[in-house]
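The data below hold one chain only, encoded as structure tokens and taken in the form predicted on its own.
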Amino acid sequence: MEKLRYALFTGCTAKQSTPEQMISTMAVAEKLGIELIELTEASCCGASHLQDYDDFLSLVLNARNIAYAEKHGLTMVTICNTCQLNTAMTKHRLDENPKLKAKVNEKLAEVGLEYKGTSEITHFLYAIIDDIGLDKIKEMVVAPLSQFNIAPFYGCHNIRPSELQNKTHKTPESAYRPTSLDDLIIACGGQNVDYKEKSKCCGFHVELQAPHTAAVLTGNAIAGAMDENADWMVTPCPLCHLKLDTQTAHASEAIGREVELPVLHMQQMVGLALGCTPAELGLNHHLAKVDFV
């Protein structure tokens, strides 16, 4: 099997707030024979906040990040749902609008860069499913997660808007009934838990404007998984992880019941199934203790 190579856009969170996600990404990539070329020059994607303040600046910043991937001639892989949305949205808008693309490239020329539109953009979740394949993952599992009921939490930005995000992977899925993370859980030997909150918002992006609403969304997500007998949750988004793992006290107060479950990054789940050690996956860097390993 030819070694897969991607340009890795880490975003901000995996290098700062959730370093365990970065550690586990690299560990899983090594197990899968994937080479990740980190785009160390890249900047923040805007986190869907800059986009509200200065749309053109956000386009320039994201086009700049993509241009670095284009220099390598590689597909850009993201490990954050919000980074995925903002980079994919930038690519879509510039590829569909030559005048806007030219305007953005005027600014990029000031730093010696040009956005060409030659690199595809996909989330690491879809890179694993589309380019490695679920059957191959099943073959590589050495520690099946068969004793666990695992609740997938997709979050918003990796599956919405579907007409945009379905361009970034080979198997389209519904934003209302997504299956990719469920399928990966099953490939790792786990029992997937179906619950209505799995494709809803975690509340991260309304935390500053409406903290109570954010806490309710977080609490409802954890409660939904608990009510369906989940042992733990898994998410492909570090922002969702921060809400679900660190905000349980606020969430419990907001919905009037105690809620807490261990929450793993998608890479940590895959890493466990592939035989990575807890240290290799950074499993000691969670507030809700991952003591089942």
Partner chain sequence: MSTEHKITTQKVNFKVFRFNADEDYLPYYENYDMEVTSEEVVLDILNRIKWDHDGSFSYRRSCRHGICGACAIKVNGRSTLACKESMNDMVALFGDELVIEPLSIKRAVKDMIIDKGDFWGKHEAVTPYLVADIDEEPEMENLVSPEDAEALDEADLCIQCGACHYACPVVEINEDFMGPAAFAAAYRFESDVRDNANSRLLDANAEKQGVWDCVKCFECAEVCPKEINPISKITKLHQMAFQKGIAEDNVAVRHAVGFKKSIEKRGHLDEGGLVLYSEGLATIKHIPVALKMLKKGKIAMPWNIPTSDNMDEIKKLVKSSSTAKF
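Residue numbers count along the first chain shown, from 1. None of the values given here were measured: they were computed from a predicted structure.
Same protein, other form: the form predicted in complex with the partner chain, not shown, and the subject of what follows.
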Note: the partner chain not shown here; in the predicted complex, the stretch from 150-158, 124-132, 183-191, 72-80 having heavy atoms within 4.5 Å of it is 150-158
Open item on the list: Would all three of S24, M140 and N229 be in contact with the partner chain in the predicted complex, where contact means some heavy atom lies within 4.5 Å?
Closed with: no
Mark S162 yes when one of its heavy atoms lies within 4.5 Å of a heavy atom of the partner chain in the predicted complex, and no otherwise. yes
Q.
With a cut-off of 4.5 Å between heavy atoms, is H250 one of the residues that contacts the partner chain in the predicted complex?
A. yes
Wondering, does L57 line up within 4.5 Å of the partner chain in the predicted complex on heavy atoms? yes
Would T118 sit within 4.5 Å of the partner chain in the predicted complex, counting heavy atoms only?
no
Those residues of 68-86 with a non-hydrogen atom no more than 4.5 Å from the partner chain in the predicted complex are Y68, L85
